[in-house]
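In the block that follows, a single chain appears as structure tokens, in the form predicted on its own.
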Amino acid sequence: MPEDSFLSTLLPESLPAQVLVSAATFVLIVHVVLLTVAYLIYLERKISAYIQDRIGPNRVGFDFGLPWLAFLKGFWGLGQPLADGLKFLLKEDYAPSGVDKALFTLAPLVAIVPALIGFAIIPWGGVVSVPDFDILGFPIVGGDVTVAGLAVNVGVVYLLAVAGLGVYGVTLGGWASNSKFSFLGGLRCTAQMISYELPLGMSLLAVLLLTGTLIPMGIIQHQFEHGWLIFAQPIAAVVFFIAILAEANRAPFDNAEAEQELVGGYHTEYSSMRFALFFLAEYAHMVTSCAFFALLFLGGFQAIPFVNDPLTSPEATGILAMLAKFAVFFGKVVFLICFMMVIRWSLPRLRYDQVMMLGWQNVIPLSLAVIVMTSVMVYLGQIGLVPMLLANIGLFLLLMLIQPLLPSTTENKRIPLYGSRFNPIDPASVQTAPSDPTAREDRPVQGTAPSIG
């Protein structure tokens, strides 16, 4: 009896439904993201194959070599992520001599954990109405609850704090590997993240100044009332997207793992599942950052801008509305990730000095200008879509006028090397083109000999 009374003092009399919904949402979304990450790798391979006029993965199905599952053989290559996962699990977990074994093992975990907890504040399904009910006689108090893993008033601050922890895993992995290539990759990632967290935070501050809230649902509600912020703050949206590309180490900002310079960068010495965790962390960061972008600039779970349809409006609190909101929100995230993949396979990698110059000489001043412009418009009370869009257009034209007047130090001047092809010794001349006419012919066989038939 005394033990029962002691336990009764520790347990609350009732439990809010928000606690159960948040716990269930977090567990469900973690598994959805892990499954999505596996197929995002497949999707990137197919997109790169399409851009490069190849086929991509198309062999591995779900037949597992069993005759009675032969109809699942091939199956568009959808079994490739499963095969890749099994390969990572079965490969030798190799650690070079001289590494700091504790930090070498800890680094992938430090990289993956922030990626898997950052999206906890995203309101994937909006608000759902839960009735009062009991679990084994324990009362659960219902009401309107937010379908998010963590429903807090400072959700945006939480996401920024968690996202900033991802760099520690990369830096630890580069330093603990006892490799100059890995160490340089870790240094590059650290400097790049510090540089691009500034414009990311300032473009976010422009959104917060306009909406006047840190609550994710409040930001979405503002866009339902005034239109998507990608129309009201297009410059901030572009700056934010550039910053999340750099934060996720995606091309053209993937200098921390530049294969042409650093072999593999910070994960050069990693193999097996420890390498796979770094791989998964990159794609999980893409999911989180794209969900954040959709929350801030694409109306969250609103299906069509300026149209408050009854199924995805904030006032719809049913189960069907929750599923529709999740589908719309997640669809926007996948679309943004596909756009990131197209950028990777379309643009060449920037040099590291160009990445830093772009951040400090262009993106950071641009984000500061956006904050000043937004502050003036909020002070004047002109926070509607049309006034903000006109202010952005005016700011862009002003920056285009000022740009030619600013000093530029990004020119990569060729250093003259006496006797080289670009600086020959007088009166010598350097001939770099081939002398044989066959070598200069695009189609040597057809161009130099008559074709048969």
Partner chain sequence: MTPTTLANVDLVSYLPLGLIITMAVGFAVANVVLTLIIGPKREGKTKGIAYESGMNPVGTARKRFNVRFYLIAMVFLVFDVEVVFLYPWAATFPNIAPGSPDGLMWLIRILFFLFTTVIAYIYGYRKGVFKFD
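Keep in mind that this is a model prediction, so the values were computed, not measured. Residue numbers count along the first chain shown, from 1.
Omitted here: the form predicted in complex with the partner chain. The next part is about that form.
Against the partner chain in the predicted complex, the set Phe26, Leu90 and Phe181 is in full contact: each member has a heavy atom within 4.5 Å.
Of the listed positions (Phe133, Phe71, Phe335, Tyr94), a single one reaches within 4.5 angstroms of the partner chain by any non-hydrogen atom in the predicted complex, namely Tyr94. Think of it this way: in the predicted complex, the partner chain has a heavy atom of just one of Ile304, Leu109, Ile319, Leu347 within 4.5 Å, and the residue is Leu109. Taking the partner from elsewhere, Leu385 is found to have every heavy atom lying beyond 4.5 Å of the partner chain in the predicted complex. When contacts are judged by a 4.5 Å heavy atom cut-off, Gly218 counts as touching the partner chain in the predicted complex. Contact between Thr268 and the partner chain in the predicted complex is found at the 4.5 Å heavy atom cutoff. Although the partner is absent here, Gly201 is a contact residue: one of its heavy atoms lies within 4.5 angstroms of the partner chain in the predicted complex.
Note on the interface: of 361-369, 335-343, 72-80, 226-234, the segment with non-hydrogen atoms within 4.5 angstroms of the partner chain in the predicted complex is 361-369. No residues of 47-73 lie near the partner chain in the predicted complex, the criterion being any heavy atom within 4.5 Å.
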